[in-house]
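First, one chain by itself in structure tokens, the form predicted alone.
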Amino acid sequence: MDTIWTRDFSAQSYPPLMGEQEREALVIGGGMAGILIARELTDAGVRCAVLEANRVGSGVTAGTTAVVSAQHATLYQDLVKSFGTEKARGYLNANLEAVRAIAERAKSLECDYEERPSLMWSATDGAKMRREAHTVQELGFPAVFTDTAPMGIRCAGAVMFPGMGQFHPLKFLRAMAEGLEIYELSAVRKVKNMTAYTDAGSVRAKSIVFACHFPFMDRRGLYFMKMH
């Protein structure tokens, strides 16, 4: 899939898995989530490997909006209603800490990082956006309500989060993957008895992380029945 991030971008290539291996931890999936998890584990001294079915960053990460933000499709006012103020505040603070952690790493890398505000708007319901801004302020973050949006977008109301960011996700990912043990073109066919099997090898690990967008094991959740 060709995206604006894959144009004029040279990705690092990695060999496929061959033979039987054993590691403390295994991450299945070499996208943004998988590489960052492997980075944290490796930096903490955990002997970790990554198995990627295609190429690092070639899936969802290659088509991401590349927004680094604590502002998501789920409204904080709805989180407060469903889970209470303290859990909503914990979710907000966890995401703000993630934004800070990514910004701290990205600013020292050649990944086109810029600090930018993020914006959520409604074309018809300004009152909901005003409530959202008030809710986030009550949770402790200085969200701003505005009745204008950029690029001539029709806007009844919007919520702006200052201090968020944007970057080139594949440049960032390439830097985060440096020094990691990664195997590409190594699709995991099954996981059994804490061992992941590919067509040409296997990795046995004490801990296995599924970071492949879809948990393909036939276990709790019956996820395989929910996919077309």
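Source: prediction; values computed, not measured. Residues carry their position along the shown sequence, with the first being 1.
Absent from the display: the form predicted in complex with a small molecule. The rest refers to it.
Contact check for residue 63: a heavy atom falls within 4.5 Å of the small molecule in the model of the complex. Among residues of the shown chain, residue 175 is not one whose heavy atoms approach the small molecule to within 4.5 Å in the model of the complex. Within 4.5 Å of any heavy atom of the small molecule in the model of the complex lies no heavy atom of residue 9. When contacts are judged by a 4.5 Å heavy atom cut-off, residue 51 counts as touching the small molecule in the model of the complex. Interface residue among 159, 203, 38, 28 relative to the small molecule in the model of the complex, by the heavy atom within 4.5 Å criterion: 28.
Although the small molecule is omitted here, in the model of the complex all of 59, 188 and 212 have a heavy atom within 4.5 Å of it.
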